[in-house]
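Okay, here we've got a single chain as structure tokens, the form predicted on its own, with questions on binding and movement later.
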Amino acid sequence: MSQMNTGAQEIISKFEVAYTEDVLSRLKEQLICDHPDGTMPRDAHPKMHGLVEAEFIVHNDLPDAYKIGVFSQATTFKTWVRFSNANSAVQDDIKRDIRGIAIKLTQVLGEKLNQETDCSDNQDFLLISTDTFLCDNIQTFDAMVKAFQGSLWQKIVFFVTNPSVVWKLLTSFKVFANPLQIRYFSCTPYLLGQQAVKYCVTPVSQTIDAVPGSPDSNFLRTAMKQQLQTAPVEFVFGIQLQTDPKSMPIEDASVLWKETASSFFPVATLRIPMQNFDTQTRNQQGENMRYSPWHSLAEHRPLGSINRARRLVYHAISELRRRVNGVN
């Protein structure tokens, strides 16, 4: 093992690159096999409920511990927000699933970590509707991908030897009525200067819609459209500081950082104004737009093996999709 010398300590296995490359190879092979017609969706979060224009408003008078990177001063960033289902299969919204919110700040100045020149002024934050990741690290994730692509026996062996993943699959996949009324979590940690943190996005309104009695296949998009026709929507963006490396590990994304030990401090407001987002132009923009936790300032560098793997996987899959789909 080698250890990175930062205030937020990472431990990198010598086998990590091999696991990451195996995951990437399997995901690419699956995409090519499943979509031979020349149109390739995302391997995860392919079903978009809507891409909306928004403002990311950094709060005034933050404590010094939070005044780093995009939070260093009170300002407002023009932002694009993509809401989605996580499942690799595009399915009816009534199916139990994890939902996602991808937040892209634009016109962000400073040194970036990303490889894509078209995203050189972006800061992305990716969050989902469950507070921990399915797998602890890239080794387990690689084993899960192998099992899902393998025989029934391989699936049984994986689930028997990884009961915590089974539990998370049973409890993390839920039915929601409206993507604008969900609390979202980063699950994986990030730097805030030299401090490890996690992110959370919480709707300001406490209103929770009921799931329709006879919903159509895209009722989550409909719910968003109806809400944004009548009023703007606001979320609070919160940062949770790591206070105990043992109970709040960096290299195990399946462990919950308890809010009783460290609460999410509100640092910004994500404001989505009233708008009509369900247009052909906006939908195509959302389909082509690429998000990655590595579209980031160095001060917010992603941490942990899951995030380190995402750097290679997200970039490679994005390049493959753009080439297949003919996107410049």
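Quick note: we count residues from 1 along the sequence shown, nothing fancier. This is a predicted model, so every value here is computed, not measured.
Omitted here: the form predicted in complex with a small molecule. The next part is about that form.
- Contact annotation for the candidate site: Val23, Leu27 and Phe185 all lie close to the small molecule in the predicted bound form (heavy atom within 4.5 Å).
- Comment: the small molecule is not present in this chain, but in the predicted bound form one of Leu62, Ile57, Ile68, Ala44 has a heavy atom within 4.5 Å of it, namely Ala44.
- Exactly one listed residue, out of Leu191, Leu127, Leu180, Val165, brings a non-hydrogen atom to within 4.5 Å of the small molecule in the predicted bound form: Leu127.
- Taking the partner from elsewhere, Ile250 is found to have every heavy atom lying beyond 4.5 Å of the small molecule in the predicted bound form.
- Although the partner is absent here, Ser13 lies well away from the small molecule in the predicted bound form, with no heavy atom inside 4.5 Å.
- Taking the partner from elsewhere, Ile101 is found to have a heavy atom lying within 4.5 Å of the small molecule in the predicted bound form.
- Interface membership of Lys198, defined by any non-hydrogen atom within 4.5 Å of the small molecule in the predicted bound form, is ruled out.
- Contact with the small molecule in the predicted bound form, judged as any non-hydrogen atom within 4.5 angstroms, is confined among 171-179, 93-101, 220-228, 240-248 to 93-101.
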